[in-house]
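In the form predicted alone, a lone chain appears below as structure tokens.
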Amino acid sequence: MPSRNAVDPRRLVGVHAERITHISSTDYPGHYPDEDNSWNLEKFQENLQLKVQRLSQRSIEFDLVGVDASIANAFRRILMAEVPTVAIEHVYVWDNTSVIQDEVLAHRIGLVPFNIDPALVDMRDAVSQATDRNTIVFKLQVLCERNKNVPKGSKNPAELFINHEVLSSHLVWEPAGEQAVVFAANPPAPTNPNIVLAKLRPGQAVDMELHAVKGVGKDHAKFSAVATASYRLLPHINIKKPIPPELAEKFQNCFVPGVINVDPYTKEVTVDEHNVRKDTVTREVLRHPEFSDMVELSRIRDHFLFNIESEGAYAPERLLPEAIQIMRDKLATLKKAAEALLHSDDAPAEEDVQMAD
């Protein structure tokens, strides 16, 4: 890994006390004299990097290096709005004597995330009939009763009553058609069984039939595949002059713990190559006049630190490939439309198209 000072200055976005500089990218043809910065596939492949930094059951952090901000942001938006999931869309209320109105309870149920693999479910449009391939049915039947064996003197609702809460675990899948075989390895169920949907008291009941369908987040947030999908640029800290030993600890305290190392014997100050990603670029160090000419803060414009949290329908490591596939499909559609326009009868001549390019 190159040293902090080895980063090409053209890749840096300057962070100063009162302003940000060099925001726009300059890697396009004609910006620098006598340089050919036209897009090149081999050069792009050479600079492109993707490295997973952390992976858990529900989240992933990875570095995406060598792409323009427009590409990174396109992936972020696709993750939030266009990677499909399955959620409750139609609610049929047979009985609801809880204090929660039908519409409010239906809305709460719709936001419950499920473990259903969207690849196993077809997309259903507004005019299609419900089938075992595009609709998954759940039943919700809960009746609250008094507990006859309640401990004496107890005031705990969990001991006083049976089913005093309507939980997401009460949603029971009703297999239809081939679904019992298709979902045999992973029966449809909420990813979290302990989501409280309503509270009941003796005599109150909820009886509903719920239909789950496949959708995307741009239609409704309940279909979003991620709880969050965000990125930030990698911080870059350049120590231009040696920090005086008597100011070493003060300098270190201006950054997030772990970002700056101070040698316990020589008091030499260095930037931690691995932990620099933890820095939030607060510019605290620029508030102190004694450090104004000793340090330079910036961010690397094409080094994106992604943080993605899955809602449970996808394994975290599967989310980015899904987003990439959706982008490829969009590009294929755009290419097909452009080719159709080029070969249509009223399309401009090919020479005019080339001149416009």
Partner chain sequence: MKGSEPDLSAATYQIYDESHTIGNALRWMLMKNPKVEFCGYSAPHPSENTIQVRIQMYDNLSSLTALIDALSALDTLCETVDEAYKTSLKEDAYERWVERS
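All values derive from a computational prediction rather than experimental measurement. Numbering follows the first chain given and starts at 1.
A second form of this protein, the form predicted in complex with its partner chain, is not displayed here; the remarks below concern that form.
*Asks:* Would you classify residue 314 as touching its partner chain in the model of the complex, given a 4.5 Å non-hydrogen atom cut-off?
*Replies:* Heavy-atom contact with its partner chain at 4.5 Å: absent for residue 314.
*Asks:* Contact between residue 29 and its partner chain in the model of the complex at 4.5 Å, heavy atoms?
*Replies:* Contact check for residue 29: yes, within 4.5 Å of its partner chain in the model of the complex.
*Asks:* Applying a 4.5 Å heavy atom distance criterion, does residue 116 contact its partner chain in the model of the complex?
*Replies:* Although its partner chain is absent here, residue 116 would stay clear of it in the model of the complex, with no heavy atoms inside 4.5 Å.
*Asks:* Check whether residue 339 has any heavy atom within 4.5 Å of a heavy atom of its partner chain in the model of the complex, and answer yes or no.
*Replies:* Looking in the model of the complex, residue contacts with its partner chain include residue 339, since a heavy atom lies within 4.5 Å.
*Asks:* Looking at 60, 297, 294, 305 here, can you tell me which has any non-hydrogen atom within 4.5 angstroms of its partner chain in the model of the complex?
*Replies:* Contact residue from the list: 60.
*Asks:* Which listed residue (138, 251, 75, 161) meets the criterion of a heavy atom within 4.5 Å of its partner chain in the model of the complex?
*Replies:* The residue from 138, 251, 75, 161 that makes the contact is 75.
*Asks:* Would all three of 6, 22 and 270 be in contact with its partner chain in the model of the complex, where contact means some heavy atom lies within 4.5 Å?
*Replies:* None of them does, since no heavy atom lies within 4.5 Å of the partner.
*Asks:* If we take heavy atoms and a 4.5 Å cut-off, which stretch out of 259 to 267, 148 to 156, 243 to 251, 77 to 85 is in contact with its partner chain in the model of the complex?
*Replies:* Careful reading of the contacts points to 77 to 85.
*Asks:* At 4.5 Å, heavy atom to heavy atom, what parts of 36 to 56 sit next to its partner chain in the model of the complex? List them in sequence order, or say none.
*Replies:* The stretch 36 to 56, when checked against its partner chain in the model of the complex, contributes 37, 38, 39, 41, 44, 45, 48, 50, 51, 52, 53, 54, 55, 56 at the 4.5 Å heavy-atom cut-off.
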